[in-house]
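The chain that follows stands alone, in the form predicted on its own, written as structure tokens.
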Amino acid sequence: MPPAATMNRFEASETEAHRRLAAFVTDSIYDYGVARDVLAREGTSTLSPYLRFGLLSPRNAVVTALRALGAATDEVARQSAETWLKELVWREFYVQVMYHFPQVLRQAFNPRLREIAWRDDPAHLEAWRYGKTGFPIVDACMRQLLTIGWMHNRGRMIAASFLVKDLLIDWREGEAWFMQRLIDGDPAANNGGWQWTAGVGTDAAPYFRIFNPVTQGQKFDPEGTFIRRYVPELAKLPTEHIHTPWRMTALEQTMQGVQIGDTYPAPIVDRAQLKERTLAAYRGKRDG
């Protein structure tokens, strides 16, 4: 995978869009089903900025996906190509939702979840925006956004879930921040993704689904490669501590050159105490 610094080189040309599409179909589409969730790997097509600005048409991408699907040589390859095709369809679905229900730009699609008692916590919102939550995988994702203006799709779900479900901050705060920072910021796709994660949109994730940032990191960045890339103050930590540095003893912190609460933030929330608060906030409107 190219160094992080090169990932922001989205050359603004139709030629580059088609080059990337061809390269993705040649090299990556048949293991996309697995590779797309590995944060340290360039397993996605990185075509979103080109689709966003019309340098690549959705129809062209879909036709290419269908051809790849037809050329797949085994079931794994076929399923991977089909998964990418489904992602393209989701993107277009959100365009249709916004066209027919423009109110989603201002409020939740689900009318029963429009009055959740969100928390107003500027300090927590700021920590989330700038990758200083004390949860390494969340911070790495948010710093990737700040560094290159793009974020891995798995990272978007992790970061969004943390803001909405752990911090109980209005999903619209996250939606606005992403639109401000993403080079591929698309009003429909961004809105649809945030409402899905928040559990308030069309065919959304269940409101009680709350991503655990530790297990997400362990599953999708098992060696901590992605974390080390974007959270350099943790770069020298052994893998056993990379996802939960706050669990190190004072002696281990000294030996590793990391001081929790000083060189790297302590977790800004205790997740063990948060789940019921979040579920109560959602249930109060869902069942009311």
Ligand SMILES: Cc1cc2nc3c(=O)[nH]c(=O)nc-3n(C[C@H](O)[C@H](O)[C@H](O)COP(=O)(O)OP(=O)(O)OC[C@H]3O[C@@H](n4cnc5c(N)ncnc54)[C@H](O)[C@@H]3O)c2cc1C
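Predicted, not measured: the structure shown is a model, and the values here were computed from it. A residue's number is simply how far along the shown sequence it sits, counting from 1.
Omitted here: the form predicted together with the ligand. The next part is about that form.
**Q** Any of the heavy atoms of Gly134 lying within 4.5 Å of the ligand in the model of the complex?
**A** Taking the distances in the model of the complex, the answer for Gly134 is no, it never comes within 4.5 Å of the ligand.
**Q** Against the ligand in the model of the complex, would Asp170 count as a contact residue? Criterion: heavy atoms within 4.5 Å.
**A** Result no; Asp170 lies far from the ligand in the model of the complex.
**Q** Does the 4.5 Å heavy atom contact test between Lys165 and the ligand in the model of the complex come out positive?
**A** So Lys165 does not count as contacting the ligand.
**Q** In the model of the complex, does Gly193 have a heavy atom within 4.5 Å of the ligand?
**A** Residue-level check for Gly193: yes, a contact with the ligand.
**Q** Each of Leu47, Tyr94 and Asp184 having a non-hydrogen atom within 4.5 Å of the ligand in the model of the complex: is that the case here?
**A** Spot residues vs the ligand: full contact, yes.
**Q** Just one of 72 to 80, 134 to 142, 174 to 182, 98 to 106 has heavy atoms within 4.5 Å of the ligand in the model of the complex; which?
**A** Checking each option against the 4.5 Å cut-off leaves 174 to 182.
**Q** Let me know the one among Ile210, Ala127, Val214, Ala189 whose heavy atoms come within 4.5 Å of the ligand in the model of the complex, would you?
**A** The residue from Ile210, Ala127, Val214, Ala189 that makes the contact is Ala189.
**Q** Taking 4.5 Å between heavy atoms as the contact cutoff, choose which of Val258, Leu51, Ala40, Ala68 touches the ligand in the model of the complex.
**A** Spelling it out, the residue with a heavy atom inside the cut-off is Leu51.
**Q** Select from 74 to 112 the residues with a non-hydrogen atom within 4.5 Å of the ligand in the model of the complex and write them out in sequence order.
**A** Residues within 4.5 Å: Trp84, Glu87, Leu88, Trp90, Arg91, Tyr94.
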